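Okay, so here's just one chain, in structure tokens, the form predicted on its own.
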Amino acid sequence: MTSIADPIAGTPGDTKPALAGHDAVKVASSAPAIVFPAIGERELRLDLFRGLALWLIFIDHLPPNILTWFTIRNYGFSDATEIFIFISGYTAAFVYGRAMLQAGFVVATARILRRVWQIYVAHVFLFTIFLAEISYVATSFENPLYSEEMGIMDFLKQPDVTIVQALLLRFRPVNMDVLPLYIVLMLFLPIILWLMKWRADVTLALSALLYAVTWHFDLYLTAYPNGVWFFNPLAWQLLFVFGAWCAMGGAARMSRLLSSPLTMWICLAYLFASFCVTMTWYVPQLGRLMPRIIEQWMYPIDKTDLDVLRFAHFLALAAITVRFLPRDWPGLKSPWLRPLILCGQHSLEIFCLGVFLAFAGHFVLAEVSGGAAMHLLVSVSGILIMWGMAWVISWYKHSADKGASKTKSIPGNADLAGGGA
């Protein structure tokens, strides 16, 4: 397996020469709003921020510690989840959008479903290993609070029913909500891409309409044994679709808006306002400065249904990032950022490893020491392990590709988007 939303790559038909003359004009006119980068070209900014999101998610899953104050959730309304879902939609549209344009709806759908199956299998394996890890720790140290805190008490009481519910994605222990959300979003990707091939702006408008209807009628997916999905796919689909829309021409059409000084100052003002609000959560004395009418209008800032304040905060962050971090920024080739980029390029494996490491760190902090030094050691150790795993995976893939290029006339794996070997 490779990353959750893999490299911007071609399809099996990418080895034929490019169209020229009248045929090229005809193809270009059939989809004027959809522009893809050159085959084999990689957007390192996506890998960088996806890797950053994975590190931030790992740190946020640990008990609060020193490094927690370096995560973005403490300084605004959104957090690493928004970054992860947006980039997943963006890169998935790049990969499978190209396949849909070149190979057609049926072939692209088959590749998407193949990828969904890979992610689903990864989720099942992670669920099994995660349960085994928690059960072993709870039994060995005679502390049932681990089972209760990580949300697996229902599994221990009714394992037969709970396993079926887990396979249906309705039962999930703590920290295992992102992959089910991504699986559901990817299942609808063929329809999203097909609609965007027809009218990208209309597709985004329909996504926004579904988001508004979800909020108005309080639509949700139920979870087992009670409650709802922590990340409501009916709401979070807006961020995923928006990422796909940006990938398929939307970002290019917004370039003039994003480069406007007025847009920059609006975004900076919103980010500063959200920073001031979040500071009231940690410094109660500042809360007295918040007008009561604004508090009543603003709270609660719902994460489950992707509150519009969270969505707007992410948009402001993204606009500022795009403005001040160009695609050809030399720092993207810096060895200091290489660990983040490597983790972003293998996000499925690193995300699963991060969930496992987060509970291991939780156990160490509870049983060994909960001091600041141990918090820092656990956090840094987890990040180094994730980096090491990403390096090993990258080295193995590079070695395998070199070996394959010696035996095949077409180098590398054509279907990088599917994550196949």
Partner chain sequence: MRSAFRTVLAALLAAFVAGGYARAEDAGQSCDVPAYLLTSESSLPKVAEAVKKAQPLTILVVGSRSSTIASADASAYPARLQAALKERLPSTPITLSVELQSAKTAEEAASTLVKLVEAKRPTLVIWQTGTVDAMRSVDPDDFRGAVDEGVVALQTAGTDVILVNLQYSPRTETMTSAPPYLDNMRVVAQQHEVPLFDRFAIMRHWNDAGDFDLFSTAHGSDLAKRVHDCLGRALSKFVIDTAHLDAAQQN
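For clarity, a rigid core is taken as the largest C-alpha set superposing within 1.5 Å between two forms. Residue numbers count along the first chain shown, from 1. What you are looking at is a predicted structure, and each value in this text was computed from that prediction instead of being measured.
FYI, the form predicted together with its partner chain isn't displayed, but the following is about it.
Select from the listed residues 336, 265, 217, 324 the one whose heavy atoms reach within 4.5 Å of its partner chain in the model of the complex.
Filtering the options by heavy-atom distance leaves 336.
Looking at 231, 146, 311, 120, which has any heavy atom no more than 4.5 Å from its partner chain in the model of the complex?
Partner contact (heavy atom, 4.5 Å) among the options: 146.
Residue-level question: is residue 389 within 4.5 Å of its partner chain in the model of the complex, judged on heavy atoms?
So residue 389 does not count as contacting its partner chain.
Determine whether any heavy atom of residue 255 comes within 4.5 Å of a heavy atom of its partner chain in the model of the complex, and answer yes or no.
No, residue 255 is distant from the partner.
Using heavy atoms and a 4.5 Å limit, would one call residue 188 a contact residue for its partner chain in the model of the complex?
Although its partner chain is absent here, residue 188 would stay clear of it in the model of the complex, with no heavy atoms inside 4.5 Å.
Determine whether any heavy atom of residue 299 comes within 4.5 Å of a heavy atom of its partner chain in the model of the complex, and answer yes or no.
Judged by the heavy-atom cut-off of 4.5 Å, residue 299 is in contact with its partner chain in the model of the complex.
Is every one of 90, 249 and 271 within 4.5 Å of its partner chain in the model of the complex, counting heavy atoms?
Zero of three within 4.5 Å in the model of the complex.
Mind telling me which stretch in 195-203, 314-322, 287-295, 231-239 gets its heavy atoms within 4.5 Å of its partner chain in the model of the complex?
Of the options, only 287-295 has residues within 4.5 Å of the partner.
Go through 58-94 residue by residue and record those having a heavy atom within 4.5 Å of its partner chain in the model of the complex; state none if no residue qualifies.
Stretch hits, in order: 63, 64.
After core superposition, I'd like to know whether residue 363 moves between the shown form and the other one (criterion: C-alpha shift of 2 angstroms or more).
Yes, because once the rigid core is superposed, the C-alpha of residue 363 moves 2 Å or more between the shown form and the other one.
Would you tell me if residue 322 moves between the shown form and the other one by 2 Å or more at its C-alpha, with the rigid core held superposed?
No, because once the rigid core is superposed, the C-alpha of residue 322 moves less than 2 Å between the shown form and the other one.
At a 2 Å cut-off on C-alpha positions, does residue 139 qualify as shifted between the shown form and the other one after fitting the rigid core?
Yes, its C-alpha moves 2 Å or more.
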